[in-house]
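Take a look at this single chain, the form predicted on its own, given in structure tokens.
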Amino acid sequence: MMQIEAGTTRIGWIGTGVMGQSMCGQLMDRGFATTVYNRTRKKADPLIDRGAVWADSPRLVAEQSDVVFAIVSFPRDVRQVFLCKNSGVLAGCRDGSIVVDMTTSEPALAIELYNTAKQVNVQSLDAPVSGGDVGAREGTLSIMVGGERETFETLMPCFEAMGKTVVYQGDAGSGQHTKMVNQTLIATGMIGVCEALLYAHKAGLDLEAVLRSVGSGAAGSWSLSNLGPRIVGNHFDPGFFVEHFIKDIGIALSESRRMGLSMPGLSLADALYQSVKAHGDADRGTHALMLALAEMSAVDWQNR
């Protein structure tokens, strides 16, 4: 197994959106030489301006890299980026390379990628993250990893550049299953955050004072502390897109049905977020759930 060292190990990065740009930047800050690709080149320009090298396809990224990370949008994008026979990452990897999918995706696809990579002597990890745009910018993400433990331990210098909590979860697919646990907690928790603030508003309370009181007590949560102030301030720009969250909830519901689980709370969250999308807010942050709930109660939240 290779040794990971800044200045020696060549990093490839695919996906330079809200999360990926900051995560890749953390690796560059540690001194890793980096090659990047994104479907829209303009979104990679800030990294290129900092010294990253542009490649015209995922395959060309792999040809210039020892380790390739990707964080894209949907499982179909993961399949295209890694498994496309002509232009995918695995088509360009050399023996002993490592690929890491940090997209929130399907556990079965993570296993398929692992097995396909193994056939060409490439190691694969599924390593989805939690912590949103704030965690990506600050290098404090939670990273949940599936695959071979030795590969996980080899990549710790990279993971530690991006995250504060890095945990090995088990075999391939385990990282994605853990992310489904995370998304289930967030989905149902966000309903509580929005309904509670809506209640506080209708009761005539000072919302900022309310946040100071409840945020430090038993009701405190990451979502309340980080997204509560954004909701109060009517800042609904995405730290994580509603559209992508609906995808995650769909994966979790599909997996729960496969395992014979009833998930009524998650099913409710799915219905509510579908309403957010129907109202034209799919490209806003997950906390835009407030806008749909407020409309149900005939509250003009943004002009309150």
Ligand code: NAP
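What you are looking at is a predicted structure, and each value in this text was computed from that prediction instead of being measured. The numbering used is simple: start at 1 and walk along the sequence shown.
Another form, the form predicted together with the ligand, is not on view; read the next lines as being about it.
Heavy atoms of F240 reach within 4.5 Å of the ligand in the model of the complex, making it an interface residue. Contact check for Q26: no non-hydrogen atom falls within 4.5 Å of the ligand in the model of the complex. Heavy atoms of T40 reach within 4.5 Å of the ligand in the model of the complex, making it an interface residue. The closest non-hydrogen atom of N226 lies beyond 4.5 Å of the ligand in the model of the complex. Between the options E195, D171, D77, E160, the residue in contact with the ligand in the model of the complex by a heavy atom within 4.5 angstroms is D77. For the residues S87, S73, S221, T188, the 4.5 Å heavy atom test against the ligand in the model of the complex is passed only by S73. The stretch in contact with the ligand in the model of the complex, judged by heavy atoms within 4.5 Å, is 130 to 138, chosen from 147 to 155, 113 to 121, 206 to 214, 130 to 138.
Residues V81, T103 of 81 to 103 are found to place at least one heavy atom within 4.5 Å of the ligand in the model of the complex.
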